[in-house]
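Quick heads-up: the structure tokens below are two forms of one chain, split into structure 1 and structure 2.
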Structure 1
Amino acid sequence: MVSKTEEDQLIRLENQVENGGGGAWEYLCLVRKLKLRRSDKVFKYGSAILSDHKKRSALGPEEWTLYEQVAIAAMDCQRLDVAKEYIKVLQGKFHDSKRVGRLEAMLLEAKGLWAEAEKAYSSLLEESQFDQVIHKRRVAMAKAQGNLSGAIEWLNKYLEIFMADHDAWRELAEIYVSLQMYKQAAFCYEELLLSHPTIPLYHLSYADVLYTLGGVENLHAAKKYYAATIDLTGGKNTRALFGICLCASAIAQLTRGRNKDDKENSELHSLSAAALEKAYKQESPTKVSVLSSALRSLKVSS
């Protein structure tokens, strides 16, 4: 995750380069360090350096890293001719390199030659089964073809090896949600919460899934995770506040006075509704009447 300081530094460097103040190499290094794409800027600044012999030579061994970085950016920008040219340069320097082989497979993928790309990736994995990038490219390739079941299969295989990759768990959860496979999505978010219990987004996403699954037990659990989200964000998460109100209303409708926690349910709903009204008065006063009408429809009897 990129920090605010790093983001500010990136924007400052980008503006500096755009205005002719130099710093293109520093910008490219920062993009690489933060593992960002910024493909259009990387292609523009990187190809300018690589086309200047003096600037290119001054990089020393880093020249080859830049060739790789710009080749990937060129593929993102559909400048496949440039990508092919830079990969060819790398092939000339690093014979039989697995890293260059990966770039060749990515070029096949960028051209839409799915079968050939899959064959290339499979061949590379036979020699290096722990290459995370190749595993992730197979997932991306399946998604690009609209093959979500294939993406799920590859992600599950990837997570059998790299169980601590929270980005992969989140991606898998989002695919499951898109396919309305909510129980499977819930499992993914549970894994994320076990390893990252202080990230509000995971609490919120898990609560959304539990609310969607429905049932009194799931609604009570969803309410708790919405409350955790509010706690972790200092009471400033509007979606979680709405979630509390929705859960309280749904629980009241399902139990119809048979819930022993009716009073607590009603109080929590009232507190969340008050917090929402306060936030709307500050941020969007013209929408307060719409909010009030929506909240009245969710009113919980105490």
Structure 2
Amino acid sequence: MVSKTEEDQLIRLENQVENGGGGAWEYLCLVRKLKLRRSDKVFKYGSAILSDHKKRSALGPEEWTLYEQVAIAAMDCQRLDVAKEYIKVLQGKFHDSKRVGRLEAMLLEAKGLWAEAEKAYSSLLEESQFDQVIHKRRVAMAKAQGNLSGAIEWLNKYLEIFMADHDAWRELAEIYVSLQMYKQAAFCYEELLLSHPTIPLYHLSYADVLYTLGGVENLHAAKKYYAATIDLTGGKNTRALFGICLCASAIAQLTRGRNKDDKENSELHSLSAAALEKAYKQESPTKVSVLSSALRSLKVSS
């Protein structure tokens, strides 16, 4: 989870490094800690450090982690020659290392040689059956080849063993959503919510999936989860506020004709509409008229 202070720090370091100030090593460490994908910058500044013999020796034992990080960034930027050089250096230092073997297999993947990469991963798995990262790389390979159902199969097998890996659940949920299998995606998001109930973004994604599924039950549940997101973010999440308005109007449309003593529904709707207008007045006052006309049309159709 990247918090606002960490993001500010990251942006500050990025500007500093780009404008020629020092601090490239801190930037690389921060990117590694926050697990972000800034491959072009990591590659540029990392290889600058690694080409300079003085800076390289100043790092001490950390230089091997830097080699690994820049090798992966090079593969992402499609500079496979540079990645190969770095991996050779690592191989020279650490013979018979599984981590370096994994990097080599990733290089084969980046080159597009799927069969060889598959063979390399299977041989690595024979030695250590329960290496999580290699299982996940297999899933990523299936995804890269466009074989999404194969990726789902592998990922399901992985999750049967390692049920606590919330990154894998998130990945599975996103694959299901891309294939429009919303019921299964809802199940994955439920697992995520069980393990991390305090992250508002998971509540938001779950509510989105429920709203997409439709039906009165799901709409009521979606409204509850949008409300939970608003609770967790202190009312600042605009998407959740919009979600509540849409859910309320959709519910009212579906239950039109039945007994309409659902005052809580309309109260929530008007409250979130008021909050939205206030937020828009603060952030972008030019769009307030567009917003109020949209909200009015929602209310009219309800």
Partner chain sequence: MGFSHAVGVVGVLMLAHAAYATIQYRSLLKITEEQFMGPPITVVVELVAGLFFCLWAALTVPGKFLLILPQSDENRVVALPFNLDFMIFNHRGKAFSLGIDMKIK
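For clarity, every value in this text was computed on a predicted model and none was experimentally measured. Under this definition, the rigid core comprises the largest set of C-alpha atoms superposing within 1.5 Å between the forms. Residue numbering: structure 1 sequence, from 1.
Engineer: Kindly point out the structure, among the two, that is the form predicted alone.
Structural biologist: It is structure 1; that copy is the form predicted alone.
Engineer: Please indicate if Asp165 and His269 belong to the same rigid part of the chain, considering the motion between structures 1 and 2.
Structural biologist: Same rigid part.
Engineer: If the chain moves as two rigid parts between structures 1 and 2, put down the smaller part's rotation against the larger in degrees.
Structural biologist: Relative rotation between the rigid parts: 10 degrees.
Engineer: Once the two forms are fitted on their rigid core, how many angstrom does the CA of Val82 move between structures 1 and 2?
Structural biologist: After core superposition, the C-alpha of Val82 moves 3.2 Å between structures 1 and 2.
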